[in-house]
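A lone chain, given as structure tokens: the form predicted on its own.
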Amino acid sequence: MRQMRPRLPHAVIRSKVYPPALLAAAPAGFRSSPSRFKEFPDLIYTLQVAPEDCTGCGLCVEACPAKNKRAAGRKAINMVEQAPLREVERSSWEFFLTLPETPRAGLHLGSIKNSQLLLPLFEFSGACAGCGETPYIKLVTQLFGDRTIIANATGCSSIYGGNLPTTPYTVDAAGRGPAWSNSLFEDNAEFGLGMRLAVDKQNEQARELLLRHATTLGADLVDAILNAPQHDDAAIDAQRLRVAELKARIAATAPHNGTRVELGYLASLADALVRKSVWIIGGDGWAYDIGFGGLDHVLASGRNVNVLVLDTEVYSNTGGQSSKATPLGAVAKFAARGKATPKKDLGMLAMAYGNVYVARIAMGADDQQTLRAMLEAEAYDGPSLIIAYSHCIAHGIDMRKGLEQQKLAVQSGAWSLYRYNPQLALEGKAPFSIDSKPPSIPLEQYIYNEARYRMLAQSDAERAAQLLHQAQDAVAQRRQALEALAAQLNKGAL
């Protein structure tokens, strides 16, 4: 079994490493192989599919790099009829779930392979088969786990994210999971800022009460909690243990001199002493259009929030209307003759503030850059904006080819990858990185795989050719602008 880099939408494919002795209880047909992880050389590895939750999108087969040399056209993963395999794979999946999760602490998360050992707390959503948005959300929950607090815009991600009475957000073995909510129509930037302010205020009040009752609770414990670094999972786990000890001491403290109320309040606030990760998530209809004013306000606030824009370049959930994210030449409702104006450059607008982390990512083109951007954004103590290319059924593509289409978008220059990290500038390092190479294929090789472009070529070939020419020129101009910006921002770096 080749140890792949699973990056699929619905958490249907999971991987684990575990002690060999646990295989004694494995059902017939359960697959495993020796681990090739350098961190876990003596363990066993399994890549397991949840047979009854597979949507049949085929993305896994397309992404799989392992070809069967003895059977042309076959890979390590292949699409077959479910019925003959259902019972044996159901038993394998149920056994797989009993295997221990890989401990987060000490696991190097900068590697795609390692990150996919983490438990996803977003699984089996009701999104379209092969959805381009859901892999990014799944990855957020893997990287930041139950510390994640999500303010979700109204749109596709709120429909499959909160399709009550069910939800794809789940919990770990301790019963903890992400906190998720959707407020009014497109106010989630402000809603998420409110979450950040509330968490910060609770932390502030808890720290004040700790100092006030340090003698009662133990000066050493209070000092350790107040000065604990929380830069990685090991440090966060250590802080959780300290908070648990704090709660135990509060429970064991005999109330006197009117301290009962304050200590009880401190116990209710204690969890705020563990670092939280606030994420504001939504589509381009929210971020570029309806909610842009609120988003701009939040980015300008300087607060430590992470914004993830799932950019499908169209109003997906309401029927495929043109948005300010829709590219030049694409056909959509209200742009039946092809959009005559360029796509709004949300990333450049955000970078103008100078103190906002900004990244443009596309998982199908560079999954490692996607992972790195998410880790950097969450680590940055300030506002961050990640704009994620999300292929969509509204593009009129074979969704099985969605990741390949993302790759073509980057190769054509239609979607450039970059990261701007203000923290690096403060350290005297180059803050701006262009993570994609100059265009290597003509734009038409990318866009004419999609019905949103082809339909104009079929109905008005002359206008389609005109808009294609303009769009190709715009690709070259954007690349020149990115390179000029990189030279300007990185000038003088150590």
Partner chain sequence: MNDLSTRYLGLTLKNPLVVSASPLSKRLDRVRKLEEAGASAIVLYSLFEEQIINESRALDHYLSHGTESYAEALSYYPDLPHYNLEPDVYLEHLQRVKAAVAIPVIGSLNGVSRGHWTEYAAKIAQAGADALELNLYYVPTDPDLDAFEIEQMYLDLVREVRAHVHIPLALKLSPFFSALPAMARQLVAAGADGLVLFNRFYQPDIDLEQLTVVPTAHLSRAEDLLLPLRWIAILSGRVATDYALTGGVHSAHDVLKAMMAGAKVTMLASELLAHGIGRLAAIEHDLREWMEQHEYESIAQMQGSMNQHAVAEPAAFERAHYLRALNTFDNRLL
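Residue numbers count along the first chain shown, from 1. Fair warning: this is a prediction, and the values are worked out from it, not measured in the lab. Heads up, when I say rigid core I mean the largest set of C-alphas that superpose within 1.5 Å between the two forms.
Here the subject shifts to the form predicted in complex with its partner chain, a form of this protein not shown in this document.
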| item | value |
| --- | --- |
| Its partner chain in the model of the complex: contacted by all of I159, M399 and Q458, heavy atom 4.5 Å | yes |
| Stretch in contact, per heavy atom within 4.5 angstroms of its partner chain in the model of the complex, of 219-227, 366-374, 350-358, 313-321 | 313-321 |
| Exercise: V171 in contact with its partner chain in the model of the complex, heavy atom 4.5 Å | no |
| Close approach of A394 to its partner chain in the model of the complex, 4.5 Å, heavy atom | yes |
| Non-hydrogen atom contact K67 with its partner chain in the model of the complex at 4.5 angstroms | yes |
| 4.5 Å heavy atom contact, G382 to its partner chain in the model of the complex | no |
| Partner-contacting position among R260, R86, H108, K333 - heavy atom within 4.5 Å of its partner chain in the model of the complex | K333 |
| Candidate from G177, P342, G194, G126 lying within 4.5 Å of its partner chain in the model of the complex - any heavy atom | G126 |
| Any residue of 430-454 that, in the model of the complex, places a heavy atom within 4.5 Å of its partner chain | A451, R452, R454 |
| Core fit, then F185 C-alpha moves 2 Å or more between this form and the one not shown | yes |
